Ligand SMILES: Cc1cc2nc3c(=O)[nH]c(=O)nc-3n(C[C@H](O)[C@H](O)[C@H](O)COP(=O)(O)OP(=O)(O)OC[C@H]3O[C@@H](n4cnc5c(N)ncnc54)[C@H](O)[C@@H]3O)c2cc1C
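Take a look at this single chain in structure tokens; it is the form predicted on its own.
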């Protein structure tokens, strides 16, 4: 507890630590550079009977105006890459910056991380949410994950199968007691990965908003086949088995809709941006309005990809 109090900061604005740049205040803020420091912060949170949150790159996270708890910034960011005959092997700590890792894997000839170009997250966050894009997901390359139980402080390893991955889902979203410490992944060799990565970067620059956001806001909903009979204009998505959330939001007339400083991006409707001074309350209200409109128009209940604290 003493070591925690010596290093922890009080009443810290999280504006510089979340990609949507809202000004939520954390009662305690602790930068953990080792597993021992993470455990120290967790024990302090337990002792003070306060909630805690492990923060990575700060995307997909919306904090309230005041968080009466302990925010633990994951600073364990080292990674190692080895070229083997069968592919590119990656051992990475959870806090490693996703675009940096993706660039290095690609430079070494590995295929499978091109989608991560320009995604401001961490390896741990990507695994937790089974991140991916352009029909590629991180779980496809995962071999095992090192975990820490936040209650017992025991370490363990889970195989990819034991992580129960699904679309934007994993065991780590259901088991709040499991924290990702590191991961081992393997990527096959392939050609044109560098070109594909640059193409994805260009696509994001052209089609995604540059204003602060939490990234893709809603999950793309899966629908039953009879949905396309009711809405034939959406049959172009039938092969995918889901409808892009951005399409539903735009067709519901919510593109460009604002509440306070929060706005549904006019560039891509599945982004809620901070156009200046957006608050947690602004974002919550706008989120509910978008969901209500889509439900009213299409009978679909959108689910957030982002996490509201």
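Positions refer to the first chain, counted from 1. What you are looking at is a predicted structure, and each value in this text was computed from that prediction instead of being measured.
Although not depicted, the form predicted in complex with this ligand is the subject of the following passage.
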Completion exercise
The one option of 120, 221, 160, 87 with any heavy atom within 4.5 Å of this ligand in the predicted bound form is 120
Exercise for the section: Please pick, from 254, 246, 44, 54, the one residue with any non-hydrogen atom lying within 4.5 angstroms of this ligand in the predicted bound form. Expected result: 54
Exercise for the section: Establish, in the predicted bound form, whether 101, 139 and 193 all lie within 4.5 Å of this ligand, using non-hydrogen atoms for the distance. Expected result: no
Handout entry: Distance check, residue 279 to this ligand in the predicted bound form, heavy atom within 4.5 Å
Key = no
Practice task
With heavy atoms only and a cut-off of 4.5 Å, decide whether residue 124 touches this ligand in the predicted bound form.
Solution key: yes
Practice task
Please run the contact check for residue 94 against this ligand in the predicted bound form: heavy atoms, 4.5 angstroms, yes or no?
Solution key: yes
Exercise for the section: Answer with yes or no whether residue 144 is in contact with this ligand in the predicted bound form, where contact means some heavy atom within 4.5 Å. Expected result: no
Exercise for the section: Spot the stretch among 79-87, 110-118, 229-237, 185-193 with residues whose non-hydrogen atoms come within 4.5 Å of this ligand in the predicted bound form. Expected result: 110-118
Exercise for the section: Taking only heavy atoms into account, state which residues of 162-187 are within 4.5 Å of this ligand in the predicted bound form, ordered by sequence. Expected result: 168, 178, 179, 180
